[in-house]
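Taking the form predicted alone, here's one chain by itself in structure tokens.
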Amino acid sequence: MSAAEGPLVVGVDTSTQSTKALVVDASTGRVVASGQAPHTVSSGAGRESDPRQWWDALGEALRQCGDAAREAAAVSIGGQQHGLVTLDAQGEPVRPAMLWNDVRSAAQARRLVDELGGPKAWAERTGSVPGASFTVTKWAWLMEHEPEAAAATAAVRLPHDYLTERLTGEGTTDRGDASGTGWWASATEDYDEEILSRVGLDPALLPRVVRPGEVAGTVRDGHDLPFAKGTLVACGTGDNAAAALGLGLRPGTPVLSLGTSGTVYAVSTRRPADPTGTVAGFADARGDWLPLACTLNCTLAVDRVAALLGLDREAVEPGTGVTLLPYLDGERTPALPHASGLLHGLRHDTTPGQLLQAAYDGAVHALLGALDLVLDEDADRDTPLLLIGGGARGTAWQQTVRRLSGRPVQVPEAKELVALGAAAQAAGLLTGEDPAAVARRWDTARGPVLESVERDEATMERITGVLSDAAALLERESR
């Protein structure tokens, strides 16, 4: 390993299925070491993980980084959004964390929206209309179904908050991740005490919201991680806000992220408030905003369809008449938490490869349908769509996005953009720079641009039609 030109920083991505750590040269953006360790997620009605797994996985990922991690001057943690982490008075988990893709709180989400003035009032107040993914609905579910666990809770945290607190001993969060809870008001940039009162959550149980550029704390004694005592710890942020930092994103540039979930977002200087609930009005990690639409079913769902068909994920074939809505875990966009997968238009001559292509089309459809709502009205529609996430390098994903969007598509060469964004945030603590400017200096968005092709309006309209016609079936709760 050649000598670094500047101080080293660590960026962490604690995602649904694993924790990744990068050691990065703050001067050049060069990744000098990396590590990764898995998590387990429960199956069945809920989606849960023991938060202590995340800490163990962080330790293992850092051990894989070797001596470079010990030289780090600052660290920041990006993490999966929305998860409800409940801790007792000793800082131990009261129960497993309810993750973002746990949709058991759909009934509580509907009730809360109705009780506090309807979708428009929620959007104006918090920037978003909460669905079953949001933390506030999960807490309401816990109060109703596990009151003993709620009563034993002395602190409520998000996944990235949990790890940051174990590093520093201080309960902190940031505006980006706080904006996905449903109890942080984007209009005032503070916790909303009326909403907290409605769900029976004491504000004293919540972490302090650290401002962009502020140090969250320093690494304390009493841990087994390879950080020196006193190492600076940034506030961290949610995974999408971290990826936006990692790309050095400027307002008006759209991003489509293909992971376990799918997201489409862009930085905006205007506070979003979409009363339809399609776009979540999140804050970003810098002081601007990150309007975002999210689907629950993306790469994991399409890979499952491929496995059921006995096909490689790239073995797609063009088709014209079959529609597959891969809502294997319910869905968030569109808001169909009880939905399951739906297949329409099957014929004797339909091939397995056409079915697989239909799964790709169904996964991309909702994200592209939300794209115009995410972008400001004056955004340049010819700007390349940045394609990131685990699926971004797959040819079938790339070609599906090009065909259904009609836009040029750019695939950044940089990998692990959430961890890179966290590293840029850590570097900003040392240099005083805007973390997005750090990432632009690192040239993280560099990558090939795939030219636009004619938009496949027929497929988009067909999927929209099937979705509309099947609404009653998709909204029905499984028995």
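Note that this is a predicted model, so its numbers are computed, not measured. The first residue of the sequence shown is number 1, and the count goes up from there.
The next section is about a form of this same protein that is not shown, the form predicted in complex with a small molecule.
Among 254, 259, 272, 330, the residue placing a heavy atom within 4.5 Å of the small molecule in the predicted complex is 259. Shown without its partner, this chain lists 240, 181, 126, 164 as candidates; in the predicted complex, only 240 has a non-hydrogen atom within 4.5 angstroms of the small molecule. A residue is said to contact a partner when one of its heavy atoms sits within 4.5 Å of a partner heavy atom; residue 16 meets this definition for the small molecule in the predicted complex.
Interface residue remark: residue 233 is not counted as part of the site for the small molecule in the predicted complex, having no heavy atom within 4.5 Å.
Not displayed here, the small molecule is approached by residue 82 to within 4.5 Å at the level of heavy atoms in the predicted complex. A residue is said to contact a partner when one of its heavy atoms sits within 4.5 Å of a partner heavy atom; residue 139 fails this definition for the small molecule in the predicted complex, lying far away. In summary, the region of this chain contacting the small molecule in the predicted complex, judged by heavy atoms within 4.5 Å and restricted to 260 to 268, 404 to 412, 343 to 351, 212 to 220, corresponds to 260 to 268.
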